[in-house]
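A single chain comes next, written as structure tokens; it is the form predicted alone.
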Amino acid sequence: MRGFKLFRPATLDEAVALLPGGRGPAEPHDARPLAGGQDLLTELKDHLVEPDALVDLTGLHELEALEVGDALRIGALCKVAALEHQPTLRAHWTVLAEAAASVASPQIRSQATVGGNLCQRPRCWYYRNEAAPCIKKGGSECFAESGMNKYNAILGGGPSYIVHPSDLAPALVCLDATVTVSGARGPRSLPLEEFFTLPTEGSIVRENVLKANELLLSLDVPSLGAGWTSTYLKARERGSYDFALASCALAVKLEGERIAAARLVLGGVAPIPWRCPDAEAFLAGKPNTPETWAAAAALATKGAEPLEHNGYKVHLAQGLVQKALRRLAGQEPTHAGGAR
């Protein structure tokens, strides 16, 4: 690991000033924010990033908040474990609590932050190999496209085929969350769905619109409202402590034996949390039956273009969608932490 300076700002303004382009010292010119450090420290150890300095955010206690009322406000430094265990959140924003419970291990969840989970970098083994100059690190080629691609994207891929590793992201997009970020020009808010970017959008070496001189501050999550219920399912290679091969965040509004409305987001299959508008539109007004579930699952993976070794993800994602719909119809047992 390369040496670096460590700054511990006491206020948000001080933290922003220390980032590139801020009003702080001219050097270091490449400073990175440090929160829980669960992803950043591994990147440092693997020499994937070598900043001049880290800006430790743990003194900004106002960003640790978890406010639960008619809506949720989640600070970027809120621990993932707090989402897992908050009883009102588990009852009314179940998809988010279940997603949080599926993240890594209890030890990691106790240190990992919500903001860090949303901003973590790809787990593709070419990206994580410091000797591989892949396109995500400024190279000219995605080695996964014609190489080892068992874990890579089947939707939205090209010219990079990474998948976004966050479990919280699909759940929060499903809940129509809004994110607030702040930089030298002050705060700005946008739908979380617009926070993430495909490889064909923005910078190929980035996965979101966060600028180098901006910090993620908080998320606002509205209530689903009466009649809605939700769940998160995750398929993984190991029974615990693993990233998603595919995941499904689902919320439905039920009216008797019919589905009045639905929100469906897939994880582990695309470079961003993959919203499924065709499946959502199809489900609205349909009877809550196995035939409906199967048709919606097929629509959820419409346009999939598997690589040589990851075609299984199409069937896996479809199975998760059907299982989630079956669960919310009361025909599938609920297990915190998603599918096993």
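So that there is no doubt, residue numbering starts at 1 and follows the sequence shown. Predicted model only: the values in this text are computed from it and were never measured.
Not on display, but discussed next: the form predicted in complex with a small molecule.
Stretch 95-103 is the answer when you ask which of 147-155, 263-271, 95-103, 132-140 has residues with heavy atoms within 4.5 Å of the small molecule in the predicted complex.
With the partner omitted here, the residue from Ala53, Leu34, Leu44, Val314 that has a non-hydrogen atom within 4.5 angstroms of the small molecule in the predicted complex is Leu34. Of the residues given (Leu192, Leu224, Ala82, Leu210), Leu210 alone sits with a heavy atom within 4.5 Å of the small molecule in the predicted complex. For the candidate spot formed by Gln38, Ile108 and Ser166, every residue has a non-hydrogen atom within 4.5 angstroms of the small molecule in the predicted complex. Proximity of Phe243 to the small molecule in the predicted complex falls within the 4.5 Å heavy atom cutoff. A residue is said to contact a partner when one of its heavy atoms sits within 4.5 Å of a partner heavy atom; Leu57 meets this definition for the small molecule in the predicted complex. Using a 4.5 angstroms threshold between heavy atoms, Gln120 counts as touching the small molecule in the predicted complex.
Residue contact check for Ala235: none of its heavy atoms lie within 4.5 Å of the small molecule in the predicted complex.
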